[in-house]
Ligand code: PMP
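Only one chain is included here, represented as structure tokens and corresponding to the form predicted alone.
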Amino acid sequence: MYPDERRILMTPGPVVFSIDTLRYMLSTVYEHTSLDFALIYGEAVRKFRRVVGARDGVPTFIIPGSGTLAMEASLVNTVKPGSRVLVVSHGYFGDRWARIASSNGYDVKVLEAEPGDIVGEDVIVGELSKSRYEAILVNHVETSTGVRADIEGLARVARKFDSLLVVDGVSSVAAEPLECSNWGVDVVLTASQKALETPPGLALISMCTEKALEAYGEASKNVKGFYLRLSEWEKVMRAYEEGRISYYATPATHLVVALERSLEKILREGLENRVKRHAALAKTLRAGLEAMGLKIVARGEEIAANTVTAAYTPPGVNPSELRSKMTTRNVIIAMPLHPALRDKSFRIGHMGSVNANDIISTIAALERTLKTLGAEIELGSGLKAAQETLVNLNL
């Protein structure tokens, strides 16, 4: 069923993407072995490297698939089968790293944080001091709890213990600070439907360091599958960058065209400006929620993500009913994912093209909805705090 009214999509992906991106995506149909399409694809690869801070020329992949495919492909193409891997899990998608690694035959150790917290560096160092791990797997932003890991610090730790660092940036790339080559993040991956502002369907991966290149050179020889063999995809990516036509599997033509336009828009805004904008909107939303008396799941602003906020529901309010009532007001929020938060929280995404007016509209709808559901909410309290934050931030 199609909605009769315009909706504000405030989920942590897929996100609303710009009319400009939509226009380019639908402007024409590209034949996937045409030179025109190859040139667009090559531009997308180059621009993606700039967005994640990867140095020129490193193996970079844009292939049809989801973020989960990007996670699995990154792992099996850089870490030899049977190796010990350390998963630093801050919630649902951290646990997904463990499931992916276990299903591919790796020896997996998981370090878990309490909901809303992150695993301390001292805990990670303690584990690495006890045993040798070939790789550390972590999510930059954990979508289920709204927390952000200290990737720059973790990269230093990984180098100290000679472990490969593989980072899931699905909910962080283009909205959180990230300089993968300068920081020493070995591999970064993401997907198209989050802060990259492109419809779902593209998996993106970049090798960022010499250590990653060496690991990829060795591990990719042992990949048993066909589709996940990045060494074959690399030939296609190289050809596109050189303005040549190549083929391994049918690319998602419309999505690649949309991605290239979106990456151009992101770079035009400027990565520093874009991160500041996301941080300001996140701060505004959380100020409004807290003024309403809601508790944020992330335990401290220093680890709260720029892209998604999880909050506890007031006593007696069911998350499913809250989402349903918000939908009738044409504001779409997300249900909880973390097992420990399933019946007592909700999530709001604020990434990509989300703006200050979207934040204000969401808080206004949330105030009314919670009031009608019996919560002790003072109407206008969240709006006042959010508006004051926006004024102080000069937005």
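All values reported here derive from a predicted model rather than from experimental measurement. Residue numbers here begin at 1 and follow the sequence given.
Just so it is clear, the following notes concern the form predicted together with the ligand, a form of the same protein that is not shown.
Proximity to the ligand in the predicted bound form, defined as a heavy atom within 4.5 Å, holds among Asn355, Ser66, Ser34, Ser361 only for Ser66.
Of the candidates Leu178, Val170, Ala258, Leu165, Val170 is the one whose heavy atoms come within 4.5 Å of the ligand in the predicted bound form; the others do not. The ligand is not drawn, but in the predicted bound form it has no heavy atom within 4.5 Å of Leu281. Proximity of Val141 to the ligand in the predicted bound form falls within the 4.5 Å heavy atom cutoff. Among residues of the shown chain, Arg148 is not one whose heavy atoms approach the ligand to within 4.5 Å in the predicted bound form. Taking non-hydrogen atoms only, Arg96 approaches the ligand to within 4.5 angstroms in the predicted bound form. Stretch-level contact analysis of 67-75, 214-222, 291-299, 118-126 against the ligand in the predicted bound form, using heavy atoms and a 4.5 Å limit, identifies 67-75.
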